[in-house]
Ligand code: LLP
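Take a look at this single chain in structure tokens; it is the form predicted alone.
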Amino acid sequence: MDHFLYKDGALFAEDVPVSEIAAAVGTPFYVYSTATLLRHFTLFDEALEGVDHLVCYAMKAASNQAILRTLAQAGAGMDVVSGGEYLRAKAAGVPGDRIVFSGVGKTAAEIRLALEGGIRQFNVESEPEMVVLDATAREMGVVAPVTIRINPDVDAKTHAKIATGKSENKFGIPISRAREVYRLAASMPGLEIIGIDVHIGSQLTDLAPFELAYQKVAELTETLRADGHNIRRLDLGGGLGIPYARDNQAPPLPSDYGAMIRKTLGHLGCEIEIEPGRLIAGNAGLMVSEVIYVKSGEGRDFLILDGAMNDLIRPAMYEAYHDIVPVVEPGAGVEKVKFDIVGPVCETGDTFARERLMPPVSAGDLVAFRSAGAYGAVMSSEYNSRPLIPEVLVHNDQFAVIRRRPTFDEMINRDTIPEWL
């Protein structure tokens, strides 16, 4: 569910007409719904009610400070994967003891940054990282709380580029080596083992891979406790998918996910962390674009938009599907026609959809990409010297620009020309 609905023939973001935002900020732009963000966070929080838990929003999905502060004020922790994300979370007002640091390539500088500013835990991904973390913590005279990310060799049955739990993926330590790696960690005075971490992938639409992975985590917990480790926290990652196409079968509900966690892990008495990102932010955002031209080609017609692959790269990168709808609601019974929907970037890959059935639209009309709140703005770039597009947050009948569009001068003046030129 989201809060982007047609009212009296016009698409609204909560109680604000999308066309009103377009008139104020220009196109293309992203717009997020506060109500949708909070609803989706609450669904996860309530799914684990009665269990000692923390919902840590995976901020790589959408990391604008206004979004982070909205969720943090509702009680969310944050899952970060870089020093920059850590600082962004702190700037949004998230305390260090509610920040989890994940990622395979943490540098000594990033580790130091988090130890100085406060951290809930490091999700350690490799033995070399463990050595650096131990040395840095001892040098600073502190002890770093750690979970170790286990790769359970479970096929998440998702897109190959977002699968993380198989043996050939770069993430985590093979579960077959878990006991020896935990022994190594226990020998390091700069580390305190607090639990186990696992994350098998993104955009999962079936609970079966989760359940298989969590059963392996439950068995490993018992084994590690028998070895003398105080396993008291289980970080289960994120990955629950969203329905990008309105006619797709809906993925499992957070309540079903919570029930499965209770069934597989509830007997262990551990604190549970989950790290949803896409399901919180995905359906909470639209990208809105204007039709520049309607072009007739050889055997096909094109909608050429002012939004491009640099603004929303998911279709080019993942062959991802987004519903694309007119901002003015089409009349009942309007016959749809097929379009290739493309952007102005000089790449054939700058294609959002091929032979997509759409109501007829004209140059100057607005269209909205649904389910664009996750991995949209955060993955955008200035390719073709196109400025990053604005982000807007709606709250009831109010809206605010939370990232403005830079001017061409600002973008160009970041370059420095050597004095020999």
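Here the structure is a predicted model, which is why all the values come from computation and not from measurement. Numbers follow the displayed sequence, beginning with 1.
Quick note: we don't show the form predicted in complex with the ligand, though the next part is all about it.
> residue 149 near the ligand in the predicted complex, any heavy atom under 4.5 Å?
Replying inline: Residue 149 belongs to the contact set for the ligand.
> Is residue 321 close to the ligand in the predicted complex, meaning a heavy atom pair under 4.5 Å apart or at it?
Replying inline: Looking in the predicted complex, residue contacts with the ligand do not include residue 321, since no heavy atom lies within 4.5 Å.
>> Test of understanding: in the predicted complex, would residue 121 fall inside 4.5 Å of the ligand by heavy atoms?
In response: No, residue 121 sits far enough from the ligand in the predicted complex that none of its heavy atoms falls within 4.5 Å.
> Quick one: does residue 379 come within 4.5 Å of the ligand in the predicted complex, counting heavy atoms only?
Replying inline: The answer is yes: residue 379 has a heavy atom within 4.5 Å of the ligand.
> Want to guess which of 127 to 135, 328 to 336, 195 to 203, 293 to 301 is within 4.5 Å of the ligand in the predicted complex, heavy atoms only?
Replying inline: The contacting stretch is 195 to 203.
>> Please tell me which of 172, 258, 190, 238 lies within 4.5 Å of the ligand in the predicted complex, judged by heavy atoms.
In response: In short, 238.
>> Please tell me which of 58, 37, 372, 367 lies within 4.5 Å of the ligand in the predicted complex, judged by heavy atoms.
In response: Result of the distance check: 58.
>> Using a 4.5 Å heavy atom cutoff, which residues in 271 to 293 contact the ligand in the predicted complex? It's fine if the answer is none.
In response: Result: 275, 276, 277, 278.
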